[in-house]
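What follows is a single chain, given as structure tokens, in the form predicted alone.
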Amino acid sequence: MSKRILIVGGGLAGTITANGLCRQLGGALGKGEVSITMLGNTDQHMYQPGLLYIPFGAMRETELFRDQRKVLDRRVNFLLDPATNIDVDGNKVECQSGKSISYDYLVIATGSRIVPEEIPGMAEGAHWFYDLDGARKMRNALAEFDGGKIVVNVNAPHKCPVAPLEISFMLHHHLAKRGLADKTEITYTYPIGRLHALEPVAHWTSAEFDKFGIKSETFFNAKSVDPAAKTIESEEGSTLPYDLLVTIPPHRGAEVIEASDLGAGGWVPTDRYSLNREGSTNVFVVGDTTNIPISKAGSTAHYEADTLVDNLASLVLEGRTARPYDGKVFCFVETGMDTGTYVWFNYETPPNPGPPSKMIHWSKLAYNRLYWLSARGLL
């Protein structure tokens, strides 16, 4: 009987997994021994890291999108039919159309979503770049900004943990080029007692912020925003005034995960090495959806998907897995509009950010252009 692989989610993790499986299982697919189906929420694939550049006019909106069908290997059965319930005991997924799809192996790659509405006043008073509409509004707000107090407010959990640092550096550089640096005060808030969850990155950030005069306040967990008074208040009792509030909104996993009772907050309990859903041998989790305590970032999704492709192909062909996921993450960090650095780490090796350079900045810009090869699993 043909083995049915079902992938729920058409973001980077799901797409790399689908394309990689097509390459490794090509022979079995050709003989009808395996089928690969993907359930997606949209027919457009978006390069999410590109949203960071939209507020500064450094990337065009059209560069962010490709037809999902064209990004996928033609052998993937792509269905624009969002999952509404995942039944891991019954080995089936119910869809918005009412269709029920059974599987032998399930890959959950449902990603994450922003929930600014969970903090009173945030949706009305803050700007962000984590979706296209938010990035557009922030672009308009920056065009009108002529100096004052900017608060960059970071909430947890959130994806792309270096993005709050990038937006802070890029704001400073952008405003300096407009002659507004001396008229602007940037304050960065973080919910724990340092400037980043990873201690080596936090130490590096502190020194870099000092270079640019970026202020900071730690132990700042946003409680509410008052759009009329233009203030943001923390659970710890601190109140900061702002002229422009840029927030990294809190995130949750996909609604279908919570509706299916697969994990609190939409995060699925996942074995950090095998990427199996805890308690399942035929259900795998990749990308933002996992509860693994590492970065929810594109590179994490990429390296997890690479591991999963090897393991799932080996399971189908040989009845065994190939290798564990080692926690590898690699993230470029923009340190302005023309310099950058990077962080690399895994479960055993902590990050060690190096000095920013123009070369690394251009490397990131080059990767932006190569993303579509990455999504196809060719990089």
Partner chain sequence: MTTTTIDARGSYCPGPLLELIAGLKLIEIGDEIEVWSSDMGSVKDIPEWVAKVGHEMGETVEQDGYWSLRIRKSK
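Keep in mind the model is a prediction, meaning the values are calculated, not measured. Residue numbers count along the first chain shown, from 1.
Just so you know, the form predicted in complex with its partner chain exists too; it's not on screen, but the next bit is about it.
Checking 96-104, 76-84, 280-288, 156-164 against its partner chain in the predicted bound form, the stretch whose residues place heavy atoms within 4.5 Å of it is 156-164. For the three marked residues, 61, 141 and 175, no heavy atom of any sits within 4.5 Å of its partner chain in the predicted bound form. The single contact residue among 298, 121, 111, 250, judged by any heavy atom lying within 4.5 Å of its partner chain in the predicted bound form, is 250. Checked against its partner chain in the predicted bound form, the residues 190, 303, 204, 128 give one hit for a heavy atom within 4.5 Å, which is 190. Mapping the unseen interface onto this chain, residue 221 counts among the residues with a heavy atom inside 4.5 Å of its partner chain in the predicted bound form. Looking at residue 148, you'd find every heavy atom of it more than 4.5 angstroms from its partner chain in the predicted bound form. Among residues of the shown chain, residue 180 is not one whose heavy atoms approach its partner chain to within 4.5 Å in the predicted bound form. Residue contact with its partner chain in the predicted bound form: residue 272 places a heavy atom within 4.5 Å of it.
Of the residues in 265-300, those that come within 4.5 Å of its partner chain in the predicted bound form through at least one heavy atom are, in sequence order, 265, 267, 272, 292, 293, 294, 295.
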